[in-house]
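To begin, one chain is listed below as structure tokens, in the form predicted on its own.
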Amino acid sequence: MSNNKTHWENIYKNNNFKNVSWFQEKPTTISFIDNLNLSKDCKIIDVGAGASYLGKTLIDKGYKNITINDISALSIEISQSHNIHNLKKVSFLIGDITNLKLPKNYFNLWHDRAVFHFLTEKEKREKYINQIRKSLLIHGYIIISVFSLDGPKKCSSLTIKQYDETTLSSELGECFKLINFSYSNHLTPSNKKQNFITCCFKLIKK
């Protein structure tokens, strides 16, 4: 995700969502969520969710309070079609996550697959991290998945910032404690490998 709304609207306008490089029929980060053993009543936000199936997967697992965010209205429309029978369990939030007005001390889990690595400007990253600190409950969890140091340097023609567990921890700062991480290869619809690192953090202080 970048802050260029037009870029992302055009992506979903001009491509079948199942053909974009980041598409997953079965979201792999669900295993990180399962390992947290959260209450099914917990409040989860999936930022930059696009047309992801994560919201539907969470609903199928019994979760009842899900917020799906994306800068692209078209991607949100696709996500709504995934969850058509369970819309009452899902809130949809369109806009750039770095400057949206979010409820304070509200979410138990902040999930991000491939948003943070688009924030190449330090100011944007600081705004993003402040959004987590404001909206997440203390001792809440953050799952962030980004391109690793062995991953691509661009996505959707945009430059990204690569990370490992050390640099991502350093970027988030001392309020966040790393509790788990893993590396994985994502196979794109065009059969290209993209190496990701997924990290799970806990908010230990505001």
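Everything numeric here is computed off the predicted structure, so don't read it as measured data. Note that residue numbering begins at 1 and tracks the sequence as displayed.
The protein also exists as the form predicted together with a small molecule; that form is not presented, and the subsequent description refers to it.
Partner contacts here mean any heavy atom within 4.5 Å of the small molecule in the predicted complex, and among 175-183, 31-39, 133-141, 47-55 they occur only in 47-55. Among 115, 90, 102, 109, the residue placing a heavy atom within 4.5 Å of the small molecule in the predicted complex is 115. The closest heavy atom approach of residue 79 to the small molecule in the predicted complex falls outside 4.5 Å. Among residues of the shown chain, residue 155 is one whose heavy atoms approach the small molecule to within 4.5 Å in the predicted complex. The small molecule in the predicted complex comes within 4.5 Å of a heavy atom belonging to residue 8. Residue contact check for residue 96: one or more of its heavy atoms lie within 4.5 Å of the small molecule in the predicted complex.
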